[in-house]
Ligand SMILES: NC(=O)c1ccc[n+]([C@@H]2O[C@H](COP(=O)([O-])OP(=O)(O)OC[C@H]3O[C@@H](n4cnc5c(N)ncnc54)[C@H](O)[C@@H]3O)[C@@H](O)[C@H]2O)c1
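Shown below, as structure tokens, is a lone chain in the form predicted on its own; questions about how it binds or moves come after it.
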């Protein structure tokens, strides 16, 4: 599938590498308006990839089937709307837009034009999260009790979005996917701006029907931490992306010992085995890109299409409003 990419920043450069490596794509052109980044792209990309400073030159190219948009979030809306208006399929970096209103317009445009709109909620294409999803869907975890995660690192400090938009967005998407589209009924968000324009450290707590979630995100930690706990009534999974043994499944929980009268019910701890599943490495970004390509070829909606991405945006916007009330 012939594609054009817009943007060659930190993540855009990663996307370009995957497009070059994949047999599913023909990388037509890379569009970047900043001269230093465009020059970097010329040095790093194969000669057959055209380098341009104007993506609009490719909007009416009938051979180009899709646009891969990897610019700052404030710019993605206009590019996505123009691309879809010309019948192009769109792979969009997360989040889908800066507001719910813009997300709705993108969704309506995709439906109107009959094109695939895929938001790169990359964790949905991560083999470890897929394993957790499989455990939950099979009933092995039991009912979901809580979801707790920490995503911490020292920079980079983004100028277009805050830490919540940059880091917590991943887990909001995972929770939406894991729970089958459940939306929070209560939400509390807090952030801190020690310098700059956006919160560099945020806490987000959400109450759903039956479980709670707490997401801690920061660009101000000397340690890089990527740890998630998914607790069910039967088993608990700990996913530590910085560990050699990334996933551990704990067969533990609480049992209720029945008795003749209600007052005699006893809650007892249950401690069973701990096991580390063998999960083969897969590149999540490559999976996301090739999933998008398959959706285009088959005409099926994306796992991270406009509707789930809109739900994610609703949570983000709600949380942003909560933080501004501080």
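Predicted model, so just to flag it, every value in this text is computed and none were measured. Positions refer to the first chain, counted from 1.
Same protein, other form: the form predicted in complex with the named molecule, not shown, and the subject of what follows.
Partner proximity in the model of the complex, defined as non-hydrogen atoms within 4.5 angstroms of the named molecule, places exactly one of 90 to 98, 193 to 201, 147 to 155, 242 to 250 at the interface: 90 to 98. At the 4.5 Å threshold, heavy atoms of residue 170 reach the named molecule in the model of the complex. Mapping the unseen interface onto this chain, residue 107 falls outside it, with no heavy atom inside 4.5 Å of the named molecule in the model of the complex. Although the partner is absent here, residue 28 sits far enough away that none of its heavy atoms falls within 4.5 Å of the named molecule in the model of the complex. Though the partner is left out of this view, residue 75 does reach within 4.5 Å of the named molecule in the model of the complex, counting heavy atoms only. Contact with the named molecule in the model of the complex, defined as a heavy atom within 4.5 Å, holds for exactly one of 295, 66, 70, 41, namely 70.
Of the residues in 24 to 42, those that come within 4.5 Å of the named molecule in the model of the complex through at least one heavy atom are, in sequence order, 31, 32, 33, 34, 37.
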